[in-house]
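The form predicted on its own is given below as one chain in structure tokens.
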């Protein structure tokens, strides 16, 4: 069902009725050495600059500008981070903001919680994240604290190469999901991602399936552990996992660790992910038996004057930084889809100037 820029699946209309009062947006930041593999991600202008993606996203969302670098490193040709969409929504809504360091290389110049112990490894080694249980426990405390100040929480992520680690944990769990995860590129590098994951599974000694903690330790990323902890800690309020196939993988992991039926939880993403023919968001949830509502923000930049924004319609970027989820919840609360699109266009125009 579609209504005013929102598409509802699996009981999402009823979930949307629970969204009242002031909510909180939580951005979980992470890095991994997996992101340095050539051709694996477009989340950043280059492999060298990938480490800056999380802090720059946080700074952009929080302040409307970046602080750590002199200028935003656009993905050529000036394709903006989805953090621009998130910032546009933040600027016209009443979300509180919280930032969580799950394991990053460069800290943002914004107030943030730290629940992790440094960035993740290269999943080809089969040793991706250390101290997973500790990250989850730390994040539980943060989730409970944020929930105590919130009517609901929207959890987004910023972690380059996150769709590759998503594939890694899904296959480690024994789920046949090759080709199911999306990509920030318009040509999804499935063969490369699968070869990376298979090498990691071999080195981790996983032949068949393993439990969720082992899957994250071997093939995952710090964002996954932190987000799982946040969800469990925030169990008393509605929770929106704001993201695409990465957050679908988190939902699957969460369901293996915690009784997800005890949570008021939904997944929310963009139309660009939901309709992506190179991935299968709904297939991940269905095959894993995770029955949760899904809200789709039907944003469009088809009519924009800017080529960098039109790239979203051509399969680039698609999602990230909670863009789809925060847009969907803002629309649930009465903000018009066209107003979000116009705000993004105005902000982008100011950023690129004559470029």
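Positions refer to the first chain, counted from 1. Quantities reported herein were computed from a predicted structural model and do not represent experimental measurements.
Another form exists, predicted in complex with another copy of the chain; not displayed. Remarks below refer to it.
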Q. Would another copy of the chain be touched by all three of 271, 276 and 292 in the predicted bound form, meaning a heavy atom each within 4.5 Å?
A. no
Q. Tell me, which of 92, 192, 198, 109 has a heavy atom within 4.5 angstroms of another copy of the chain in the predicted bound form?
A. 109
Q) Using a 4.5 Å cut on heavy atoms, which of 267, 104, 153, 172 is close to another copy of the chain in the predicted bound form? A) 104
**Q.** Partner contact for residue 142 in the predicted bound form: another copy of the chain, 4.5 angstroms, heavy atom
**A.** yes
Q.
Considering non-hydrogen atoms and a 4.5 Å limit, does another copy of the chain approach residue 149 in the predicted bound form?
A. yes
Q) Going by a heavy atom distance of 4.5 Å, is residue 49 a contact of another copy of the chain in the predicted bound form? A) no
Q. Contact between residue 256 and another copy of the chain in the predicted bound form at 4.5 Å, heavy atoms?
A. no
Q: Considering another copy of the chain in the predicted bound form, find the one stretch among 308-316, 293-301, 325-333, 61-69 with heavy atoms no farther than 4.5 Å from it.
A: 61-69
